[in-house]
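Shown here is one chain on its own, the form predicted alone, set out as structure tokens.
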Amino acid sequence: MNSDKIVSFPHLGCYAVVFDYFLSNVLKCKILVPPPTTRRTIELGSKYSPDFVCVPFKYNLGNYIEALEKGANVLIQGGGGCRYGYYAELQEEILRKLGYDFEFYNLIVDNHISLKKGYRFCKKINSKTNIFKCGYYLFNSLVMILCIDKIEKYIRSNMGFEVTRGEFEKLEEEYFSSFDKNNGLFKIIKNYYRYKKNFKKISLNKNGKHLKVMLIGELYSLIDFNTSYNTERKLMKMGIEVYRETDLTYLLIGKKMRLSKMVRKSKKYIKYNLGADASLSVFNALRAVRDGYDGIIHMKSFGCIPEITALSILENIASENNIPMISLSFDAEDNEVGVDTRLEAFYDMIEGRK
């Protein structure tokens, strides 16, 4: 056990449990999971961030500061895919100017996470680890992500229709608490099927005439509920079936295989990849039209250039196909009451149309 190393990372919604699992087993040192993202997180990050950067930079910087306050001395940055992939050096410089003492490891090469750099980092922290051990726990972690995303997809589809309020969230919390650092592949899969069965036992009042809303937009606002005032959960509690494709399964596995197909299927509106997940936003807006969704909610962090590029296209799709759409942009200056008011107005509109 490397007792003097305390490793932490940016928080990313429900996936923190996966990062904790992998790092704990491979590094064999203390892993400090940063506190869930809160208002304090964004205020800390915004205070020390340049004004022009996107919100994920500010949240991540806030995550780092909160982790350092709790004793972390090793930080990891593994985000990429857009300009986010170039923020590690600036984040490190800001934290050092604030007087923090730590080691910083950027796992990004050419704006994408590098398995080679990741392995070198693991080897540096724990010299006894090897490529087979890293590969085993990486594979287990990918299976955990697949299982989590399948469970979360079922929750988004059905939580709004539970007969007894709170049953889904209670069981979801129990599911995440059930993950153990000592779990092997068999236990992870067995655990998934056990909880999948339990979720399907929850009584529903779903008659097929319910409202369906497609969530599209920037991955950070979609994946980490706390950065978007739990918009997704609020919609479910209004009795809406929610669908979103953006999750880690899509980002790690589906995106590379499907990107050219998505651009081709959306050729009326785009001729090339718009960057980050903006092409998926256009593709899924068209899918919402095709599959008879009642509305579209476009979510992004303030300053997300690919989603800003996509927004005018999305507005054209909504207008031409007579489907309601609102766009929510999140920043440190946002007010939850204002977001709630817009969601309620959107609900009233799509319910009236239904």
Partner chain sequence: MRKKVKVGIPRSLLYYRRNVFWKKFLEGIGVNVILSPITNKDIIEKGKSLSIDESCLPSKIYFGHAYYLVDKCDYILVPRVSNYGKEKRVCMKFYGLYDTLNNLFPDTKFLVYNIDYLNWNFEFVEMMKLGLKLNRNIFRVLWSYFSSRRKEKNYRLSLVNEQINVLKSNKLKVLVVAHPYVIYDDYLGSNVINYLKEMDIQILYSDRMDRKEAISYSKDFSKTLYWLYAKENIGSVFYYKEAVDGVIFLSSFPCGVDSLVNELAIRKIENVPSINIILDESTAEAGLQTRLESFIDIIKARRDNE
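This structure is a prediction, so every number in the text was calculated from the model and none was measured. Residue numbers count along the first chain shown, from 1.
Quick note: we don't show the form predicted in complex with the partner chain, though the next part is all about it.
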One stretch from 229-237, 272-280, 69-77, 181-189 that, in the predicted complex, holds residues within 4.5 Å of the partner chain by heavy atom: 272-280
F161, T164 and I297 each touching the partner chain in the predicted complex (heavy atom, 4.5 Å): no
Non-hydrogen atom contact Y87 with the partner chain in the predicted complex at 4.5 angstroms: yes
Distance check, N106 to the partner chain in the predicted complex, heavy atom within 4.5 Å: yes
Interface membership of K261, the partner chain in the predicted complex, 4.5 Å heavy atom rule: no
4.5 Å heavy atom contact, L311 and the partner chain in the predicted complex: yes
Contacting member of S157, N111, S114, T129, with respect to the partner chain in the predicted complex [4.5 Å, heavy atom]: N111
